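Heads up, the chain below is alone and in the form predicted on its own; it's given as structure tokens.
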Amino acid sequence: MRAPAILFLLCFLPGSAAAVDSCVTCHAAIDDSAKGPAALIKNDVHVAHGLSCADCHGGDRTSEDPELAMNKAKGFKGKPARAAIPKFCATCHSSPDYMRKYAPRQRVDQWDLYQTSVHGKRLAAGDAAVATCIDCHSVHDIRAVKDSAAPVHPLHVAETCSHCHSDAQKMAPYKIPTNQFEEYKTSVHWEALAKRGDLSAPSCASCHGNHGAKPPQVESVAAVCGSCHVLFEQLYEKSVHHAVFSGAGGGGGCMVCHSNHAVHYPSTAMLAGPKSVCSGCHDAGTAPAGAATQMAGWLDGLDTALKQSETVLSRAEKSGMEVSEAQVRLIDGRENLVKARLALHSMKPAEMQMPVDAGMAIAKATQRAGDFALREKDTRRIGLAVSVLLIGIAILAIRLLLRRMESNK
């Protein structure tokens, strides 16, 4: 029996009532895969705005006759071909007048951007295997981006991209690696996003774009990173590395030292030591290698000095001594350490040395304050012990005197 005939019988079973949307009514009564859309659509953002099946697929939702409901004369489109989906969605999403009725702030340039993307260009060239709207947003249960269950919610974007980009079989024709998501999950960005819940932390779309997705070119990597790390980019542009790593024949800017997907916490081990990043370009014994070692020593020295001061002040505070002023100054010392790490990107030791020297001065001053507080604590304890001893002697002398007076009587 043909599908329209089955739908016709299901819609006119005894006792069935006229439905507001015959599409949902009929599909909900089917036991095969055609039932899926009716079950999923209740969570769809379009339904929340009063839209339904016929707004996308066409047809007459008010007709209980499947033949009429799915009549092409009524505008029935049915299931669009995969290659036609982006333009199919753009029918509404590229119309400012139409979208303004439902979401005035919604962008309407998604289709234009998609056509500039790697996905859109390959689709236009006849590759229907590339990602389209439904691969990222789903089909009948499309949710708003702010919905935590949406596949395009910030917490889920990377995993959604990985559905294709971690699939070796899908990526084989394009010769694209499939380890990006696994590397990203070791990064500081993933930790901020997934573990600390920072929804502003970068994920795939932050660097590659969403609808206009494409890999950043070598000359634009620093600008991409600089969209968040503004001060780092400004200093990097003044450094000798900017001219070397940017432009045609360059090495890729920030990711030369920090990688791209597996961005880990930076440390002085990147400057000096057996696994230093600098050694990849600068041989041991050269001036640049020596400068890197010197800067690593400055940073480690300042960090150690601040930690020692913090330890001393903490001991003094636990002993009941007043060291709050020194602790406030120690915050300034930590800020100078941050400034020194920031100045490193200029690759000019003189600029880095200024915050290091300022931080070291604070570290020494606050440690002296802590040491003085601990010495004062010891002095007070000795004074207290002597006072208690003298008071004890005085009490004993008074008791002896009283006994002598009593015996004389």
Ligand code: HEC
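Start at 1 and count along the sequence shown; that's the residue number. Quick caveat: nothing in here was measured; it's all calculated off a predicted structure.
Another form, the form predicted in complex with heme C, is not on view; read the next lines as being about it.
Note on the partner interface in the predicted complex: the residue among 148, 116, 186, 267 having a heavy atom within 4.5 angstroms of heme C is 267. Heme C in the predicted complex comes within 4.5 Å of no heavy atom belonging to residue 309. Proximity of residue 200 to heme C in the predicted complex falls within the 4.5 Å heavy atom cutoff.
Within 4.5 Å of any heavy atom of heme C in the predicted complex lies no heavy atom of residue 326.
Proximity of residue 382 to heme C in the predicted complex falls outside the 4.5 Å heavy atom cutoff.
If you take 151-175 and check each residue for a heavy atom within 4.5 Å of heme C in the predicted complex, you get 152, 157, 158, 160, 161, 164, 165, 171, 174, in sequence order.
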